[in-house]
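Given next, in structure tokens, is a single chain: the form predicted alone.
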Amino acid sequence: MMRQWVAVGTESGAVWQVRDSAPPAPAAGELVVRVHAVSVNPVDTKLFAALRPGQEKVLGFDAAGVVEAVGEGVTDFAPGDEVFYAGDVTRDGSFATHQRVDARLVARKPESLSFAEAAALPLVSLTAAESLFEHLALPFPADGRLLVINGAGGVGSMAIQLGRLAGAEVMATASREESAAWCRALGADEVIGHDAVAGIEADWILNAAHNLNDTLEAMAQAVRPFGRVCALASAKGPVDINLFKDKSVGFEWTFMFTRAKHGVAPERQGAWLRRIARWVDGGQLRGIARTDWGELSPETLARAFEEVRSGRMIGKGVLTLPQEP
């Protein structure tokens, strides 16, 4: 039996419904994974809030679990393999006991991490890796300064570590002492307040903040000539990209779901997760799960969504799923 926690739009806002059905069968190129643990990301809360009356969505874009079945043509995985992945925004998500997923997006989970610890990694690790090494073109090894805005969040937590792994000097922004201590523990060479960005210099800037507009002018002042800037969040209103022209700065967006949604080399995400797993097991990266919300239920989902929406999360939070005996 498969159980799904479904977000349903109503006139008074979205609610959670629990539904049971037969487990899915994998199509060609797919896996069916028995999900053991999930995480919650800002994209989950945004999609939940945007549901109109009558709309339904199985959310969840981080998972770790065990392969139960493989589809035709899948040769890299077998039943019993322990895996982790971030999935596809156009499909049913991981808030379910079973999930169908494109095998190209999946990798074996780090052996040194529990399912819950592994579930905290995929979406933010992929976002950080693609942002740094594909969009910002951070060399490996890197000789220069990387600024990570919102360093204590999930993406920032991985970007600090990956920047250090590449050899860059890493600066991060944090607004509270607890957040700053977390950034330093992850390897940030220096931590500054959000209001100090305009006063520093950086070759590469990863903006993992929730509002691009608040940081645009400061980034334009901080980035060095011929530097690069990459942003996660959408702009909340018009922005003036001309601010970056005088320094010949490259500006790019990053969206982790682009490859799966548009079918552009999705296998690159499986490859990134394999690297992440090797680096974790080799002690070069550490897990970032800090909050355990307990067993997945409508009540724990509501608490998790409230904490993620607050914008004060440090690292990531996780939920575990009940397992059949």
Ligand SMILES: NC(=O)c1ccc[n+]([C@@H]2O[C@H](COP(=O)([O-])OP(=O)(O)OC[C@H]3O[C@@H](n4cnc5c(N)ncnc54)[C@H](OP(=O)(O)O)[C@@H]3O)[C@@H](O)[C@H]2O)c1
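Just count from 1 along the sequence shown to find any residue number. Computed from a prediction, not measured in an experiment: that's the story for all the values here.
Although not depicted, the form predicted together with this ligand is the subject of the following passage.
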Is Arg52 near this ligand? Define near as a heavy atom within 4.5 Å, in the model of the complex. no
So, Lys46 and this ligand: in the model of the complex, are they within 4.5 Å at any heavy atom pair? yes
Under a 4.5 Å heavy atom criterion, is Pro26 part of the interface with this ligand in the model of the complex? no
Please run the contact check for Pro42 against this ligand in the model of the complex: heavy atoms, 4.5 angstroms, yes or no? yes
Can you say which of 163-171, 132-140, 202-210, 107-115 gets within 4.5 Å of this ligand in the model of the complex, counting heavy atoms only? 202-210
Students should find that, of Leu146, Leu123, Val223, Val101, the residue having a non-hydrogen atom no more than 4.5 angstroms from this ligand in the model of the complex is Leu123
Answer with one of Ala196, Ala233, Leu243, Val239: the residue that has a non-hydrogen atom within 4.5 Å of this ligand in the model of the complex. Ala233
What residues in 241-264 sit within 4.5 Å of this ligand in the model of the complex, counting heavy atoms only? Thr254, Phe255, Met256
